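Just one chain follows, in the form predicted alone, and it is written as structure tokens.
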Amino acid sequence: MNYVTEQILGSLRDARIRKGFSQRELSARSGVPQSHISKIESGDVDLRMSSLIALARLLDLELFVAPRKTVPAIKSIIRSSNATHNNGLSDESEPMSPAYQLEEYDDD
């Protein structure tokens, strides 16, 4: 499994836990079978885009595609937003991070 995939799956799992949902409860709310959610979180299954979108939205995450050159600005806005809300801390007093971020590249 590559780094980006691990990061996305970890973000989904962390958001589920932050929301206080068990895999079973997330399954009931999303229509994605609990066994499939377990396989998604462990990286044992290739996640379909429709499942990713359904799970992300239920977990108050949003997915989008952005030009690589705008990623630093987007990260800055997310950090600023996190600092404004809860002094940059989630309900569990952990720094919040975006569900997905690109590695830094210099391909100008």
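Each residue number is its position in the shown sequence, starting from 1. Because the structure is predicted, anything quoted here is derived from the model rather than measured.
What follows is about the form predicted together with the DNA, which we do not show.
A.B. asks: I'd like to know if residue 48 sits close to the DNA in the predicted bound form, meaning any non-hydrogen atom pair within 4.5 angstroms.
C.D. replies: Judged by the heavy-atom cut-off of 4.5 Å, residue 48 is in contact with the DNA in the predicted bound form.
A.B. asks: Taking any heavy atom pair closer than or equal to 4.5 Å as contact, tell me whether residue 35 reaches the DNA in the predicted bound form.
C.D. replies: Residue-level check for residue 35: yes, a contact with the DNA.
A.B. asks: May I ask you to check whether residue 29 falls inside a 4.5 Å heavy atom distance of the DNA in the predicted bound form?
C.D. replies: The answer is no: residue 29 has no heavy atom within 4.5 Å of the DNA.
A.B. asks: According to a 4.5 angstroms non-hydrogen atom cut-off, is residue 16 in contact with the DNA in the predicted bound form?
C.D. replies: Result yes; residue 16 sits at the interface with the DNA in the predicted bound form.
A.B. asks: Ok, 57, 75, 69, 39: which has a heavy atom sitting within 4.5 Å of the DNA in the predicted bound form?
C.D. replies: Checked against the cut-off, the match is 39.
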